[in-house]
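Okay, so here's just one chain, in structure tokens, the form predicted alone.
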Amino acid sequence: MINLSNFSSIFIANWKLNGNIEFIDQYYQKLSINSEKCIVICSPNIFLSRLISNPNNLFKGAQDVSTYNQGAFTGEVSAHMLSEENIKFCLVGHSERRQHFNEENSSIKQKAINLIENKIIPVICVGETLEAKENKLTKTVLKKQISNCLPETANFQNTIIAYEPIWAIGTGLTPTFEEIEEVHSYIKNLNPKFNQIKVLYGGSVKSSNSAKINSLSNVDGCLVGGASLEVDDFNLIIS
């Protein structure tokens, strides 16, 4: 498993349902890597074998994994299969999976268990809706999600949490820097074993705000969606 303490920051590109072979080839030709930062590219599963990695700071990531390890589950991809493809990170519980595919905390937890057992770092996504934020329920929602999604085996060495307020994803809206810092601090102080855990911010991250976001003391990097599809923008974000 990757030693997360080796990196000052972690940046994850989530391409979602985008990309093709030509796009991938051109992307890596332009991608600029900083040795002090961990860079992860999460592509659709069909393209995982085409992603480029190195053992130091550039890694391949999946966007999801099955709750099952093997069996008659057509269309599923197990954590063990991902490990054989040299996948080191995997997103679980992304808000789009929760919203469009009805994923629940219990299945997210099982996916995280499977990943950790196969030495893949789960990036467990949590975040509140606009309604929850307006009703001042952000911390209540996050506490429930984290309590129910993180397995007992999760710790700062094998798990990452990504805070992605649902109302900020793809909207161009973001919390204030003070709100981001407050939420990340809250997450790290929920449990003593989380005080060193890497917490990334996701939600309309772009080259114009990423430097300020990543400079916050409790932010350990960014989960980047739409902006990661433009390699020039992503290079600015990770620089």
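What you see is a predicted model, and the numbers here were worked out from it, not measured in a lab. Start at 1 with the first residue shown and count on from there.
Below: the form predicted together with a small molecule, not depicted.
Peer 1: Please identify, from 30-38, 168-176, 44-52, 209-217, the stretch that has a heavy atom within 4.5 Å of the small molecule in the model of the complex.
Peer 2: Selected range: 168-176.
Peer 1: With the cut-off set at 4.5 Å between non-hydrogen atoms, does Ile180 touch the small molecule in the model of the complex?
Peer 2: No, no contact at 4.5 Å.
Peer 1: Even though the partner isn't displayed, in the model of the complex is Glu128 close enough to the small molecule, meaning a heavy atom within 4.5 Å?
Peer 2: No.
Peer 1: Does Val205 reach the small molecule in the model of the complex if we count a contact as any heavy atom within 4.5 Å?
Peer 2: Yes, contact at 4.5 Å.
Peer 1: Is Gly221 part of the interface with the small molecule in the model of the complex - any heavy atom within 4.5 Å?
Peer 2: Looking in the model of the complex, residue contacts with the small molecule do not include Gly221, since no heavy atom lies within 4.5 Å.
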